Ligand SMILES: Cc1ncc(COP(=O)(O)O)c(C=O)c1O
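Take a look at this single chain in structure tokens; it is the form predicted on its own.
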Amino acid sequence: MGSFGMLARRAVLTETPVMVQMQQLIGGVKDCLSLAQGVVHWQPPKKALDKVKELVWEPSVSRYGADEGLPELREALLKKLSNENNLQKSSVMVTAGANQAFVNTVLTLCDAGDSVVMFAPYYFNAYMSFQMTGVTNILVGPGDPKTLHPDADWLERILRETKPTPKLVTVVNPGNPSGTYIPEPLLKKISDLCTEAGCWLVVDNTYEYFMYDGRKHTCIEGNHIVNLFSFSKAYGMMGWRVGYIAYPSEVEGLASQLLKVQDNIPICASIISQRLALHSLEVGPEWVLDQVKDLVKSRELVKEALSPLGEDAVKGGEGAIYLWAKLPDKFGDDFEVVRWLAQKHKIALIPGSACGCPGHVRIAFGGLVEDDCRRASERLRRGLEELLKDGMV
């Protein structure tokens, strides 16, 4: 029993998850192809799956593990961070996916009422994490109109003028939903601004392996920087839920506070999932890169499907698994456009309003094998051509 008024305001006032809305929408449309959810079409490495398939009988898999993660997985992650990411002074906590890593970080670093900084278009789950933890003063900065890169000049002004100083700045690199990559000089500039202001920088590196056209991913390190990572996309482990936090070892008390949060949410990430993560690491990043390189074909198919909108309307595709497109001005209600495309043309996208940018759409090109992506792209192109010619009829 009870009343709606007795529910927590932090939950009631949090945005409804856009993926829940999309799943409800797609569920009512037969044979709808999805370019909406940020997933990949591959499963974890077979060699890694073979190693864990008998582990269900091992007693340790059914017990709690160390809160911060299996020691052998953490050791392997520290080596990976050192060798691949050039993070030499970081400690590791394993979490139930990168979303939980972000929530752990927010709960550890921010108090209700603090101000934080994001850049539009932003990752909707990160925005919701702030709302749900009581961090309601969310300052959303602009991206460069041409590149969608965070506006460092705006950030410098906001950090200087906002009192008290924002507690945290966060970016996703390469970007979700933008599919753009923040070059290392700009990332360092953002870091320097955070250092000068005395605030944290949280960088989500979920798509570290998803770089195209010769670009290379880089990380930066410092006592004010928390880096987040994920196994979900790279190793096709979306349902296994394993991510991790790389946090500065030298910051006194940070580890113990993160541990409090961890123990009160999952206690530990799933043991069998951590085992799969460990064996996937043993297969190595070359396996991931082999999967990622084939996504270029899907990216080009989707780019071509978006061409009716005009070349200047489409951004991203430098990294991650996303393209970002502006709809014509007269179609400002992007959710209605998305609904119409799903119902009329059986193709699903994400409305940009969920990412702080009404009148845009996010298109994910990683979730379908090439043939299905070609079918989806054909539907998308037909839908956009009809939209521009006749409207939503």
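One rule holds for the numbers: they count along the sequence shown, beginning at 1. This structure is a prediction, so every number in the text was calculated from the model and none was measured.
This protein has a second form, the form predicted together with the named molecule, left out of what is shown; the following refers to that one.
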(request) Quick one: find which of 185-193, 269-277, 198-206, 86-94 has residues within 4.5 Å of the named molecule in the predicted bound form by heavy atom distance. (result) 198-206
(request) Would you kindly say which of Phe130, Trp287, Tyr247, Tyr123 lies with a heavy atom within 4.5 Å of the named molecule in the predicted bound form? (result) Tyr123
(request) Would you kindly say which of Lys315, His149, Arg241, Arg299 lies with a heavy atom within 4.5 Å of the named molecule in the predicted bound form? (result) Arg241
(message) Taking any heavy atom pair closer than or equal to 4.5 Å as contact, tell me whether Gly38 reaches the named molecule in the predicted bound form.
(response) yes
(message) So, Val117 and the named molecule: in the predicted bound form, are they within 4.5 Å at any heavy atom pair?
(response) no
(request) Please check if Thr108 has a heavy atom lying within 4.5 Å of any heavy atom of the named molecule in the predicted bound form. (result) no
(request) Consider Ala98 of the chain shown here, and say whether it contacts the named molecule in the predicted bound form, taking contact as heavy atoms within 4.5 Å. (result) yes
(message) Using a 4.5 Å heavy atom cutoff, which residues in 297-332 contact the named molecule in the predicted bound form? It's fine if the answer is none.
(response) Tyr322
